[in-house]
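Encoded as structure tokens, the following chain is the form predicted alone, with no partner shown.
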């Protein structure tokens, strides 16, 4: 069986933050209808893939999955296990927002089968939290981490955002210092990005908010890499850092170009060289499932050139490009065509070559998107 990943989108949320571009709805209407639709979609895909694919990771994203009751999440986990083969050691993650959980609820999530928790803290600074329109404060964020740990959730990740308007390096360093002082194993550190359709994007267009320069962003990013590495958080992807043994299995499935099945609103899947995506609208998703037993709105078959581009981009942004594995999959043409560019990047300190791997240096990570665009 092919080892794969399973993603479940939970769109329900109690609040829409100004920077968020993920599909979410601020209502509890259709919660039960959505659960029934998920079950029906699981039934549909289990008939297609349960004999060929197994899951070693299940990931609940959103929205705010922790907004739901633990029993709701437990039913989904149980149903997936009923219809698919799930590893006994599968990583089962739940995105969580401070302010939506307490120790009892976290313990119930743990007992429901959640063994990894990703907490969307974003900042510990009161002014930054206010700007980001988060519902929690510093104390609630810290308490959430400590409560999760005491509830049995040892594998804890936190999300942080840097390069906020007017954010000083000292303020960002304080955020990082607070994070590494807590019992966490993984940190996702993202630069604030403007996404179309978000409240923040409109605020910038209207001149109400001014973003900081790209040079300052790069400076903060390189500082982040240096700081976290000194505190034993190893960088294994552009924005992700983990203590030894705690790399996110689910994230690695994406970055290593493995198959993944995604369920629910706005979910994107990639199975057997085919990519497809679901309706974003909750009502349209439920209607689609009622009509065709799945929420799919469209899809595409990936050709060989697209596979090479996606494989190299994902590998270089994360664990590095294994040239021997690449040649086994795609042949040597692409490597030969780009050999001069790769050697120049190594000479200029953007890449390192170690054994059969080509990897970004910290300096290279800072401009990786620009570098990746120049491959032919």
Partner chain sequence: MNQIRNFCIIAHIDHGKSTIADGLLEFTKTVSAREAKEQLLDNMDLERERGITIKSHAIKMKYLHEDKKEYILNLIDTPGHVDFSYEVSRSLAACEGALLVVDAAQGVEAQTISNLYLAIDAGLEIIPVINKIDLPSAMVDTVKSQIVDLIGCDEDDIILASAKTRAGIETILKTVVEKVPPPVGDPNAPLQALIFDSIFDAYRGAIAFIRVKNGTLRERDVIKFFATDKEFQADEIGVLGLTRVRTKELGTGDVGYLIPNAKDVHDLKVGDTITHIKGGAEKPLPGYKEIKPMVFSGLYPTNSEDYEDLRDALDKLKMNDAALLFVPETSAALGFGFRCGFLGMLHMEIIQERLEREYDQSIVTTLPNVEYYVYKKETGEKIIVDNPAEMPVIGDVEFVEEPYIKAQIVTPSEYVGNVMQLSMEKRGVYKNTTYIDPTRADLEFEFPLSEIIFDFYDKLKSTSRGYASFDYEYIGYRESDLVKLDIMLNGEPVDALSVIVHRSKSYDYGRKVCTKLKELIPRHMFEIAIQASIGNKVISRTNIKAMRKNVLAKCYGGDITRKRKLLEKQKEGKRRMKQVGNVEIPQEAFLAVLQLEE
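Positions refer to the first chain, counted from 1. Keep in mind the model is a prediction, meaning the values are calculated, not measured.
Missing here is the form predicted together with its partner chain; even so, the following discussion is about that form.
In the predicted complex, at least one heavy atom of residue 365 sits within 4.5 Å of its partner chain. In the predicted complex, no heavy atom of residue 1 sits within 4.5 Å of its partner chain. For the chain shown alone, residue 218 is a contact residue for its partner chain in the predicted complex, at least one non-hydrogen atom being within 4.5 angstroms. Residue contact check for residue 234: none of its heavy atoms lie within 4.5 Å of its partner chain in the predicted complex. Here the marked residues 226, 322 and 333 all miss its partner chain in the predicted complex; none has a heavy atom within 4.5 angstroms. Partner contact region in the predicted complex: 184-192, out of 184-192, 107-115, 67-75, 128-136, criterion any non-hydrogen atom within 4.5 Å of its partner chain. A heavy atom within 4.5 Å of its partner chain in the predicted complex is found for one listed residue only; from 302, 142, 297, 287, this is 302. Out of the listed residues 306, 102, 146, 259, 306 is the one that sits within 4.5 Å of its partner chain in the predicted complex by at least one heavy atom. In the predicted complex, the residues of 246-260 lying within 4.5 Å of its partner chain by at least one heavy atom are, in order, 251, 254, 255, 260.
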